[in-house]
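Take a look at this single chain in structure tokens; it is the form predicted alone.
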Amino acid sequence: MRPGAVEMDSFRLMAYTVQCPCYICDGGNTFDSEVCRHCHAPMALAHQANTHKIQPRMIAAIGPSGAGKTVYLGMLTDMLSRQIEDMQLLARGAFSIKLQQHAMAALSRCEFPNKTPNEPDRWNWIHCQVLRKRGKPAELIMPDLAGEALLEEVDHPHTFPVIHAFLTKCAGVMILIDAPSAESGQSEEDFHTMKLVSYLCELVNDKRTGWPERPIAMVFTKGDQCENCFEDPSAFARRHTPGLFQQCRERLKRHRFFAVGVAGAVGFRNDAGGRVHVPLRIEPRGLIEPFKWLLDELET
């Protein structure tokens, strides 16, 4: 038998004594954890940040359930990943393509993606590099947060630690608002977005680095069903979401209103769950503008 060194099993266990901090909540985890045991964010975010020696900035797309966050993020990443001029998105890690794949597969079947589940370990995360013709490349992390979980965290803080930790560290945010619901006079849209703005403003107590000083894009979605929001998004907000408009004026120093649309036309289909919206054709409009504005604001 030839002599040689054999690694003892007890020595292998030493690797588990070194904690790997989660990139979102800073909680300690073992080196082979797939998701953080504290907040359920993917540990791949921490491993990639350590590998590339780059600290990605975080951007959130938030809003009530049904506002169109999954559709917006999926279509936005698909458009930017196919561009070769002005702005281009390069995904880091296979997990960063799941949201794009999920959203575009649903739209290709003339369906909208399923609602994002409330369980954080089932959310899709995007870690990407954004290359721009003007400006430095940006390393970003963007998750597809569940709207119901988000509002539950707003009503009962610390219910979802991943949301609290992520929004505390975010450099900027896009708040998505259902434009047709707002135009029809449903006050819930106004109340939900007002609560989100209040939550953000009270999340960080530092006057210099708190949310009143960070850029926030107010994005009216489903513009294909509400053409008026494209004419003047700020005036649309003043008419249909007056509480939000006034709160933004009084509390936020860096905000701007936008309008976007993904489906060129929407129809209805009856199934076992009732009447369901279906996209008849895909005509993206205004999707890149709020994202570009947010990146520009982060450089100032």
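As the structure is a computational prediction, the values presented were derived from the model and not from experiment. From 1 onward, residues are counted along the sequence shown.
Unshown form predicted together with a small molecule; subsequent notes refer to it.
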{"item": "The small molecule in the predicted bound form: contacted by all of 115, 147 and 261, heavy atom 4.5 Å", "value": "yes"}
{"item": "Option from 186-194, 203-211, 160-168, 222-230 whose residues, in the predicted bound form, bring a heavy atom within 4.5 Å of the small molecule", "value": "222-230"}
{"item": "The single option of 173, 182, 71, 140 touching the small molecule in the predicted bound form, heavy atom within 4.5 Å", "value": "71"}
{"item": "Listed residue (65, 48, 33, 247) with a non-hydrogen atom within 4.5 angstroms of the small molecule in the predicted bound form", "value": "65"}
{"item": "4.5 Å heavy atom contact, residue 266 to the small molecule in the predicted bound form", "value": "yes"}
